[in-house]
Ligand SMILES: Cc1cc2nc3c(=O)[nH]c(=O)nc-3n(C[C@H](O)[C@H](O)[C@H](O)COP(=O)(O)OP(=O)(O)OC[C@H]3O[C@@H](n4cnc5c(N)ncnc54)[C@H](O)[C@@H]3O)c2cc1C
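Only one chain comes next, encoded as structure tokens, the form predicted on its own.
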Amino acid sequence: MEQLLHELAALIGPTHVLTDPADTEPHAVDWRGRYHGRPLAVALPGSTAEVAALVALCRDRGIAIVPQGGNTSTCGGATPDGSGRQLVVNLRRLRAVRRLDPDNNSLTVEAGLTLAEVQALAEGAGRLFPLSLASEGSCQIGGNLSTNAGGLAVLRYGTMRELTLGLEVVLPDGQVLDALRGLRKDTSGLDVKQLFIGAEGQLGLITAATLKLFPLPTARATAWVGVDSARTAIAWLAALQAAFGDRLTTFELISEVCQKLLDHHHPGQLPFVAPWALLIELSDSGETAALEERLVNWLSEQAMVDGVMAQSESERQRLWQLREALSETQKRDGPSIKHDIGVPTSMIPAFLEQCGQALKTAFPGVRIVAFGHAGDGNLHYNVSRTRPDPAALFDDEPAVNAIVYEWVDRFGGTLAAEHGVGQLKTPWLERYKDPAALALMRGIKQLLDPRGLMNPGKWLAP
């Protein structure tokens, strides 16, 4: 291994090959602290050419690679195993802006830029890159692509799959796939870039992407509204879409339990507590006052528990901060068994009712913290307090997961709507994913990576 480290240092520079445990430790544990590994080293290549040379070297030496971006995975998808023989390849030094083309509404960047930096680049050109996540200050574009991230504006703009025009990828044999064209229509064969979006680094390393930009909205109307039930909330969603079309950018659903957590950890900031809260945002061109008036008029005709409209940008930001604080607030409150699930939007109320009842029957006193992107059916469905002793919570994880995923499946849903599969959900994917789809995906893995060196131990492993 010492010879390999020397060769890596010759390729990318000795200061960019980390071997000291103090330097590698942050790269050896996932964001939630559930998965711990021991990498051979952490390599920090600075260009696509260096990534390609590094991958070719590892292929020749039979060394497994674990691609890593901002290391914000919640499923262990970017964590090495404990063997000390897997090389973490972190792409944070790939930071070039290759091309900003406002007339084409496109931006080509390397994979190491954070999502917040890409948003700022777009805004500086009078454009919008609409992907928005709570971790946007630390997650990187490469990781967003590898998990097909969605976030808060999927309802209008779609996931990373819909937001990507082109990719540059280093394949497992060291070849570079150059598919960075900024085209919106191309029928010249299969759209091969789609293979790598959502593959969690198991088919290659994404080094750059051409992303879709949109006109920067000049008007926004934002409201925090309380309703009496999830059924009412979903009925509102359909009515809002009918009234406002694609001006409806965000429709977030927040349970009473979530609101009480926010009120406890952020006292005085929550407008009110209702059975269910909705964060609704419209965006458009034109004047904010006109859009706000339309939303106020619509809301005035609805039955609601309570509601507030943001009267300024600072008030809008405060409402968004409450929504974005949910994950961290829940983490502060104690451990939970997390599920990033999706069901058809129309099924959300029935899922919440029936899955919740099944969990309460199995675990009296259980607490369910449910919130998420109701507009696209993605719920963050988190379970805690299955036992009096919080330390014993994860003893119940298999039984809790069995209940949750069974109800997800009954309602035609998915066990991984936004955060990927990683290590966490692999056994459940085997159970619930269509066998033909799994076989097809593994066939593609075998074709591209026959030695299984790209992010091994995750869900595409044979």
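Numbering starts at 1 and runs along the sequence shown. Keep in mind that what you see is a predicted model, and the values were worked out from it rather than measured.
Only in words, not in the display: the form predicted in complex with the named molecule, which the text now covers.
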Proximity of Gly375 to the named molecule in the model of the complex, heavy atoms at 4.5 Å: no
Contact flag, Thr72 vs the named molecule in the model of the complex, heavy atom cut 4.5 Å: yes
4.5 Å heavy atom contact, Ala350 to the named molecule in the model of the complex: no
Close approach of Ser135 to the named molecule in the model of the complex, 4.5 Å, heavy atom: yes
In the model of the complex, segment of 120-128, 197-205, 305-313, 242-250 with a heavy atom within 4.5 Å of the named molecule: 197-205
Option touching the named molecule, based on a heavy atom within 4.5 Å in the model of the complex, out of Leu155, Ala370, Leu359, Cys139: Cys139
Contact residue in the model of the complex, chosen from Gly151, Gly342, Pro172, Gly226 - any heavy atom within 4.5 Å of the named molecule: Gly151
Complete contact of Gly143, Ser146 and Ser327 with the named molecule in the model of the complex (any heavy atom, 4.5 Å): yes
Heavy atom within 4.5 Å of the named molecule in the model of the complex - qualifying residues of 97-111: Ala111
